[in-house]
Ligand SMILES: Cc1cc2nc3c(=O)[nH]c(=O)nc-3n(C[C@H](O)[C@H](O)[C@H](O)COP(=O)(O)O)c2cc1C
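Next up is one chain by itself, shown in structure tokens, the form predicted alone.
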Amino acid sequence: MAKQIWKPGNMIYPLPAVLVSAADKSGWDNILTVAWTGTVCTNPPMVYISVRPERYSYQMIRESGEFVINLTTEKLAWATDFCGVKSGKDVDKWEKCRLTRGKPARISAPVIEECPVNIECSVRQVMELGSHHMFLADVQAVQVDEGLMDEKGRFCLEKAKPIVYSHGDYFGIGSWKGKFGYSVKRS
């Protein structure tokens, strides 16, 4: 297989495309799309998002120390894109995307009701790394759509048809290929 050498860059794709909701201390809120997010630690449960300081929601998160990572679906692809290209300074994204502010369990920032999973976070540390600042956060609560549970009580996110982001494009996840450990499981 022939390969090209490119300049250094971030080529870890696909990434989750999530909607992040945030509010300032006065209660003014906004939604932004983030693809630079992920799990940091299981115990304690920690996640991160990386946000450019010039983004409208950046100061809300910095001031309040809170945000919600809302997982997206194929049905939310348009809203996911819109919330990434339009600024909350210019448009009410909640209204334009017909999204519903939901009640958080443990923080002040609203959850997005239409999203199947809402991960409520409190900022532990802000790392100013360059073009993006990373908000390292503790997970305070997780809300999960009860419709995604099977008859055995197992969480089935695939039922929600989540989307991912890959180098400028959004994709559905696709078909099931195996389960963790299947490559070494004895028959």
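What you see is a predicted model, and the numbers here were worked out from it, not measured in a lab. We number the residues from 1 along the sequence you see.
We do not show the form predicted in complex with this ligand, though everything after this point is about it.
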Open item on the list: Looking at 74, 114, 92, 81 here, can you tell me which has any non-hydrogen atom within 4.5 angstroms of this ligand in the predicted complex?
Closed with: 81
Task: Proximity of residue 35 to this ligand in the predicted complex, heavy atoms at 4.5 Å - done: yes
Open item on the list: Although the partner isn't part of this model, could you tell me whether residue 51 comes within 4.5 Å of this ligand in the predicted complex, counting any heavy atom of the residue?
Closed with: yes
Open item on the list: Taking this ligand as it sits in the predicted complex, is residue 70 near enough to touch it, meaning that at least one heavy atom pair lies within 4.5 angstroms?
Closed with: no
Task: is_contact(residue 31, this ligand) in the predicted complex, heavy atom dist at most 4.5 Å - done: yes
Open item on the list: Counting any heavy atom within 4.5 Å as contact, can you tell me which stretch out of 39 to 47, 137 to 145, 23 to 31, 118 to 126 lines this ligand in the predicted complex?
Closed with: 23 to 31
Open item on the list: Just to make sure I understand: among 83 to 97, which residues lie within 4.5 Å of this ligand in the predicted complex, judging by heavy atoms?
Closed with: 83, 84, 85, 86, 87, 88, 93
